[in-house]
Structures are given as C-alpha cells and as structure tokens.
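Given next, in structure tokens, is a single chain: the form predicted alone.
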Amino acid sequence: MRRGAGPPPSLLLSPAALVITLGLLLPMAMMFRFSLNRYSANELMTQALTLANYARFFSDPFYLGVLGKTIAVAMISTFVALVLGVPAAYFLARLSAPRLKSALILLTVIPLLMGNSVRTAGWMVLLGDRGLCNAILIFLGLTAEPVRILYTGKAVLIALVAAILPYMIISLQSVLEGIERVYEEAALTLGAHPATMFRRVLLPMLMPGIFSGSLLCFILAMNAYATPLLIGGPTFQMMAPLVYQQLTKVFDWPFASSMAFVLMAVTIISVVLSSVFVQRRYGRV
C-alpha cells in the first residue's frame, strides 16, 4: 500500500454491512416471508404465498383504528417534545457557565441510562390513583377523590413525551451549538422582533436538528411497547403491543409479521413524506 493511501472504502464498509445484513436485513426478510404464510392452529403456520394477512389487516376497522391511534399518538408526542425541547435546547446551547451546562446536559441524558421498563414503572407510581400526582391534588384541595390518570391516553402521552424528550433536546442542542449568536444579534439590532428573528433567522438554520430530532422521536413513539402496554393498560391499544400479543398469546406468526411490516411501512412513508416537505419548504437539511 502506498504511503498516505488508506484502505479501500469497501473494506471499511464491510464489517458494518455484514452486521446490518445478518442482524437486520436477514431477519426482516424472514419475517416478510412469514407474513405470506397461512396460520394453522396445529402447525402455527403453513407454507404459502398469499396476501390474505395484509387483506385481513386493512379490511378490519379494529386494526385500522389501532394504526390510526398509533400514528396520532406518535405525532402528538413528537410535536409536544419539539415544543418543549426548543427552549430547553436553546438555553443549554447559550449557557455560558461550563460546569452548570455540563450538569444540566447530564441531567437530560440520565433518563436514557435507565431501562424503559424502569421509567414506565416510575410513571405508574406517579400517575396511579394513590400516586404522587393524586396525593398533591388532594392535598391542595383541587379534588376530593383521586383522578383517574393511569390507564388513559393522556397518561400514555405524558410518559411518551418524557421518554423521547431527551433525544429531542440533545438533537437540537447539538445544532444550536454550531449556530453563531451573531446572526440573532444582527437580526435584533436591525429591529426584528424576537419571534420574527426566530422564524426568519434561527428556524431555517435549526431545521437539521428539528428534522433529525423529530424523526428519531417519531420512530421511537411509533414503535413504543412498554409505555402503552403498562401505562395505557389493556384498553389502550397501539401497534407494537398488538404485534407482541399476536405472537405470544394468539401464536399467529403470519398475521403478526404482516402487522409488523405494516407498522414499518407506515413509519418509513411518514418519514419520507416529512423529509420531502421539509426540503421543499426549507431546502436541503
């Protein structure tokens, strides 16, 4: 090898490509093949090449309703995380005290070091009928009886936003770090209102962080399992717990595989459409 010449790109990409192929693409190909089989109570599934499982999903109002609810919950939780994450990320990016800034970033990241089940169990303690939230409401005299918060859609949204908010803050904060403050000062000096400055100057430059953070949060919310299962209870259905239920309780592997592929396809289509919209509105991000 000549001095200064590095290894060929194919050699550098080979380990990652091998891991992705064996750990992701191959199982997905197998699962897609399972989705074309037929369910059998005696053999779990029989070999076939049929789209009956997909037709069953799209012809049943129950499963379409669960898919719609999953998309709505993911979009709302992502939007709320974005609204809460922008000011928090801006404060962290513009904070001049290094030690305080490091401490706040650490506090933001700490929830990610805990297991999702542990965080969900904590929210169950907080939102339960005898939990901390109801105890505070009763102590303040705002209610005489415990308010039902747990096992509702609102509880799922609260827990999901708390779970994905750190990802949003870190994504936005990393982009804001690279935006010089002189742009904001120049706009304000020229007489722009702070809201106008944010919309016309800061927002276009912040779009890469908004897009990457929203993309990550939306995918996590669409595929959430522990939060809707434990916080929402048996009456609140989302796609990921429903897929798991079909696998472990009904043992209908072909239908569960088709549901998983529908969930993945809807997620990918939503991401592509949002990417096209952002690029047309704000240019390449």
Partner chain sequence: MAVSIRALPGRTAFLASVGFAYLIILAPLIAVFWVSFFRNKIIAFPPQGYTLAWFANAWSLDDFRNGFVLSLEVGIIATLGSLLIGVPAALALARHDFRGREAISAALMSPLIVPGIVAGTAVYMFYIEIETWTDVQLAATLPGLCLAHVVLALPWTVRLVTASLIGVNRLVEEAAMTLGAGPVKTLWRVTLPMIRPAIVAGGLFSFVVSFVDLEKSLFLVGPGRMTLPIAIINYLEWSIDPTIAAVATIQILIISAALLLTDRFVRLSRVF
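The model shown is predicted, which means the values in this text are computed figures rather than measured ones. Residue numbers count along the first chain shown, from 1.
Beyond what is shown, the protein has a form predicted in complex with its partner chain; the following relates to that form.
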{"query": "Single option in G153, G122, P146, P208 placed near its partner chain in the predicted complex, where near means a heavy atom within 4.5 Å", "finding": "G122"}
{"query": "Its partner chain in the predicted complex: contacted by all of M28, L84 and F91, heavy atom 4.5 Å", "finding": "yes"}
{"query": "G115, heavy atom within 4.5 angstroms of its partner chain in the predicted complex", "finding": "yes"}
{"query": "N223, heavy atom within 4.5 angstroms of its partner chain in the predicted complex", "finding": "yes"}
{"query": "I76 within 4.5 Å of its partner chain in the predicted complex, heavy atoms", "finding": "no"}
{"query": "Contact flag, L106 vs its partner chain in the predicted complex, heavy atom cut 4.5 Å", "finding": "yes"}
{"query": "Partner contacts for 249-269, taking its partner chain in the predicted complex and a 4.5 Å heavy atom cut-off", "finding": "W253, S257, A260, L263, M264, T267"}
